[in-house]
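In structure tokens, one chain follows: the form predicted on its own.
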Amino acid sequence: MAFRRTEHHRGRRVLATLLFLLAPAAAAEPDRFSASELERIASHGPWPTAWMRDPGNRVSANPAAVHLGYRLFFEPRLSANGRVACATCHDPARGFQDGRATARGLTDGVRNTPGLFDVRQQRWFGWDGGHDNLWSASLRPILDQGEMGGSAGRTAHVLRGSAALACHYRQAFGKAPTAGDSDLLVNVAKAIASWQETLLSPPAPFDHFRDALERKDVAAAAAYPAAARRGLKIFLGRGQCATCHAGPNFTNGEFGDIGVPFFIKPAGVDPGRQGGIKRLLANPWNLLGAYNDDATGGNTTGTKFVRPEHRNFGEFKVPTLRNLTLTAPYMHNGSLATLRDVVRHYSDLDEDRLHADGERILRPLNLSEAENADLVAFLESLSPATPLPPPVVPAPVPACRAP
């Protein structure tokens, strides 16, 4: 009898859980999801998405280039003082960010250092979209006098002066590093980009919940915290967050004005996307230039037709929401220290800070403290539940094992 009662109660719990997860939403039961909400939850996956090589980078997915790029990413000799590498500001232990409000020495504006996980998913690079490809974005900090302060000549010297680096270069590009310094600089950036393309974040608790709903796995879906479910409903509905933070990577890849001040002391004003478009079009390494390896020109459409407009002033890129717990502080200027601060920004949004052409979908959410906490719980569920392991060191090509 006791066994039957236990089985009976277990069956009732399973049925109740199924109804809880899949039943239509009701005002009195805010954790349930409607059919429309379930469809929108499904649109944020599956994760990870299918990976595609970069047609504008001929060494994308090339094992020798990946290993070369890994070594160059951690190579301080590329900098003017021999002490700064890409990894100095993009620390693997911090989600390839630096934990600072604003980047060290950035000369084109006071901005937060972005993380690099899933960077291959992006369409535009930098907070202002001043680059249309990853290798061009990888090249800029090497030359920026406020960051690494390097040069084409220094980069070529480092590459030619190391037997191992020269060997990996030969394996990746099919010839020794004897080309001109400018060509070698671009190829170094393409190798670094080929390694960054491998930085993929693992599935997060949200992904496990989303996948469980897809396959109607009640037990697995029930493991997702109730607070995160309530926060997800705010994210999908009242908050309208998914309008911009769409798809598996939780971003539409575009730009918006969200009421974060763009005045800088002592630099003046950060024009955001408007300035980024101008820099992009003037950049000799954009996809319209001679260094694009896509012979079809199929990857140039965005760059070919983009033009700076008044509405772009003060717009900044909509970032991915993945790995948020690793990349504080937040916003383009690092002005918000915690996720709770970010949620409060949208809850108490000052619409007067939005310029006339700003994101008019934004309205103050006026969330309660409990609702703030729920939305934070959801955002936290977009980061891995356990610490990420250090990046895998790419295996060297056998012919290049010399130190």
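Since we're looking at a predicted model, the values are computed, not measured. One-based numbering along the sequence shown.
Heads up, the form predicted in complex with a small molecule isn't pictured, but that's what we're talking about next.
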query	finding
In the predicted bound form, Asp293 touching the small molecule (heavy atom, 4.5 Å)	no
Exercise: Ala65 in contact with the small molecule in the predicted bound form, heavy atom 4.5 Å	no
Non-hydrogen atom contact Ile361 with the small molecule in the predicted bound form at 4.5 angstroms	yes
Proximity of Leu232 to the small molecule in the predicted bound form, heavy atoms at 4.5 Å	no
Partner-contacting position among Arg160, His245, His208, Arg77 - heavy atom within 4.5 Å of the small molecule in the predicted bound form	His245
Single option in Gly150, Gly239, Pro177, Gly95 placed near the small molecule in the predicted bound form, where near means a heavy atom within 4.5 Å	Gly239
The small molecule in the predicted bound form reached by all of Val84, Ser138 and Ile142, non-hydrogen atom within 4.5 Å	yes
Contact stretch among 116-124, 198-206, 282-290, 214-222 - heavy atom within 4.5 Å of the small molecule in the predicted bound form	116-124
